[in-house]
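A lone chain, given as structure tokens: the form predicted on its own.
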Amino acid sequence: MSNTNDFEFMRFGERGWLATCMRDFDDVTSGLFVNAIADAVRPKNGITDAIAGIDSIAIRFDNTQLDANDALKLLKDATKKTAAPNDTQPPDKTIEIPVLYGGDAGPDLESVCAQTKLTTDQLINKHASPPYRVITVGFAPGFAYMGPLDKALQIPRLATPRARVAAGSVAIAGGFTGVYALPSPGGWNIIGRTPVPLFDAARPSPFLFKPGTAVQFRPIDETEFQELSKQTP
């Protein structure tokens, strides 16, 4: 269990609170922790939304049902009662994500190689070899922040974001790798794309990724990319 001293609380607009984790966790542990807290507080009466980031949770509340102090108490109770990160069990399943690196699928791959001083093969190997955990899902629906990313691959976001990034694009920025579940604007360095459908409205859980999901990337060639694309419903 944690305690409220692990968090800093502040108002987040007229109908919200923000709790920031002050413990020195790595990004994966911190992300899993705050997402668990968001899940714990989300069903409470009067709480209209709970959104987790990498080290913080924002809640919104209906002030016709809760006053600000009662909403803060619910948030504090959730931080106290949620299992500490070192009690979190590792995932029992890993999702394999095939990725076509470079070319039209990964238009920033050459630029990333130049910035990191890695060959194409070295970069692909460093990106695809380790397993990742989904730390949190944010900025756009279904967008998965994954880590930890090899330090040799950590570079800044693009100076100018793209107006449109294709669904399935695999990208890196800062200490994270991410996958765009839907077409959207984006400023990350795109190094590849997966043909796997990451969103399916017919599934019970439409988006493939959720916090805590274990992911393993697998490099594929153009032929396999096209074959797998044909299998997409």
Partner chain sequence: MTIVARVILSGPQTTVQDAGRGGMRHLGVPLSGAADQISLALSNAALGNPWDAPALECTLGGLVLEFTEQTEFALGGAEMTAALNDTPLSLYDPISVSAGDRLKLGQARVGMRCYIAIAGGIAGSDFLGSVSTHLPARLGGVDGRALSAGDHIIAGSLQIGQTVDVPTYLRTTMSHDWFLRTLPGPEYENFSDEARRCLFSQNFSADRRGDRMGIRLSGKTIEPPDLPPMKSSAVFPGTIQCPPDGAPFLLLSDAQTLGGYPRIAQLIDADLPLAGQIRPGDRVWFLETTTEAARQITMQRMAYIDATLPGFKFA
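Positions refer to the first chain, counted from 1. Think of the rigid core as the biggest set of C-alphas that the two forms share within 1.5 Å after superposition. From a predicted model like this one, the values you see are computed outputs, not experimental measurements.
Only in words, not in the display: the form predicted together with the partner chain, which the text now covers.
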The partner chain: the contacting residue among 179, 191, 52, 41 in the predicted bound form [heavy atom, 4.5 Å] | 52
With the partner omitted here, the residue among 123, 105, 137, 71 that in the predicted bound form has a heavy atom within 4.5 Å of the partner chain is 137
Are all three residues 10, 48 and 145 in contact with the partner chain in the predicted bound form, where contact means a non-hydrogen atom within 4.5 Å?
-> yes
Proximity to the partner chain in the predicted bound form (heavy atom, within 4.5 Å), stretch among 137-145, 97-105, 114-122, 72-80 | 137-145
Should residue 56 be classed as touching the partner chain in the predicted bound form when contacts are defined as heavy atoms within 4.5 Å?
-> yes
Does the partner chain get within 4.5 angstroms of any non-hydrogen atom of residue 222 in the predicted bound form?
-> no
Going by a heavy atom distance of 4.5 Å, is residue 183 a contact of the partner chain in the predicted bound form?
-> yes
Taking the shortest heavy atom distance, is residue 206 within 4.5 Å of the partner chain in the predicted bound form?
-> yes
Of 55-82, which residues get within 4.5 Å of the partner chain in the predicted bound form if you count heavy atoms?
-> 55, 56, 58, 60, 62, 63, 64
Residue 69 C-alpha moves between this form and the one not shown by 2 Å or more, core aligned | no
